[in-house]
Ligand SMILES: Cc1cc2nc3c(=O)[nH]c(=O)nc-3n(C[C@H](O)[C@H](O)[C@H](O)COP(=O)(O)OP(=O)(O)OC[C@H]3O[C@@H](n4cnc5c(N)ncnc54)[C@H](O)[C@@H]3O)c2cc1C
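Listed next as structure tokens is one chain, alone, in the form predicted on its own.
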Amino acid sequence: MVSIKRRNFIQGLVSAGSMLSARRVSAQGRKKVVIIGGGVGGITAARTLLASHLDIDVTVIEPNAFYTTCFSSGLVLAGFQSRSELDFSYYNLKRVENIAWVQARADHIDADKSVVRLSTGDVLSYDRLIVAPGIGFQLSAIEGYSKSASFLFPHAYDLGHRIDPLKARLKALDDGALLAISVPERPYRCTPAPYERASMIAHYLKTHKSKSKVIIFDSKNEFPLMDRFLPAWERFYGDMIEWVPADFGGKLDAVNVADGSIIVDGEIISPALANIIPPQRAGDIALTVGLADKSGWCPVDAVSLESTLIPKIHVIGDAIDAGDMSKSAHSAASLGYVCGAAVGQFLIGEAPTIPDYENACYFIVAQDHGLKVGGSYRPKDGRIVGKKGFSSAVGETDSVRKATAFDGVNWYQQTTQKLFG
């Protein structure tokens, strides 16, 4: 049985990292694993494979020169974290001799021939393929919204560096400005994250533009940890944050690029800045190849994370239908760990063991005031189902909330260090 306890996950990355000096043997007859995506899930899968299978060749395809974390990027808005702290070099990973690193875009997957075609024109063959496509956006679900409109109505929800224009717009606001945040229906990446973002924006406004206001227009009538967020908002920010649920007119109808206004429940509102988070789906390549079903997400086997639509292709990260497990960086790491182990077992002729999955999410509401939510999960009847959950309790003391905030920062630092260090 595979256990994905945090200490074991970190320990696994350390073990894989210690193989930097491992030498390749003859490639003839070796099994080949290609991984599309150099994010948390893809890197974890690669390191996990190398921890037990030095006789497998692993190739990672990643178009970007460095990785910028989307998780923790909200703290940049409040000034709790510097923008540079989100960036991580692939330098150390490129030195792992049993990982071939290809800086290119995967343009097409030919599942019949078991090859990946790259933007460079090169073709890579594989015995098993792991795809970590991330998320895409259903832009047409919002009238008037488009890729070009996202510059006026930034979402900053796919890559961490997209926080830059949102931060710049935030700093340029006049005191007394109205800022709107639109939150989509589930599922989307990191369900409580928009509410942490509202908190971080409110912290910045309270410090620098105290007459300003944040309105959250929500497509839902509730959100995770709502009964912990709302009292904290009132305590730290007074009436600066207003949350409008769906039943009270919170669902966004349209945006107007001509004047920057938005239409919510038939009413025209003209905020100085609108942070529009669109409904989401699996990343583009998943849809192009046929790894996603009509839901927009990728169905996978709950044990091996092999696609139920295309054999020998495994899908991990935010793009999959993960059952009860939410989409987050910690989930992506857990999925990457399980997938790497399962692919290794397949390639040596063994059946994957039944895994356990884990998730833990930390959110900062105010200075030294954190919340957490998560749980453990297990395959059951073809789905990933919850076994046991945990969350910050209502009415916790300041010392407990401070410790939670510290744990969140510590988790971020430890995880990124083990992935990229």
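These figures come from a predicted structure and were not determined experimentally. Residue numbers here begin at 1 and follow the sequence given.
Just so it is clear, the following notes concern the form predicted together with this ligand, a form of the same protein that is not shown.
With this ligand omitted here, the record of contacts in the predicted bound form names 357-365 of 357-365, 387-395, 374-382, 45-53, defined by a heavy atom within 4.5 Å. Residues 62, 70 and 106 are all found to lie within 4.5 Å of this ligand in the predicted bound form, as judged by heavy atom distances. Checked against this ligand in the predicted bound form, the residues 204, 157, 233, 243 give one hit for a heavy atom within 4.5 Å, which is 157.
The listed set 129, 342, 332, 302 contains one residue whose heavy atoms approach this ligand in the predicted bound form to within 4.5 Å, identified as 332. Although the partner is absent here, residue 193 is a contact residue: one of its heavy atoms lies within 4.5 angstroms of this ligand in the predicted bound form. Within this chain, residue 327 lines the site of this ligand in the predicted bound form, having a heavy atom no more than 4.5 Å away. Although the partner is absent from this view, residue 228 stays clear of this ligand in the predicted bound form, with no non-hydrogen atom inside 4.5 angstroms. Interface membership of residue 39, defined by any non-hydrogen atom within 4.5 Å of this ligand in the predicted bound form, is confirmed. Residues are counted as partner-facing when one of their heavy atoms sits within 4.5 Å of this ligand in the predicted bound form; in 268-290 only 285 qualifies.
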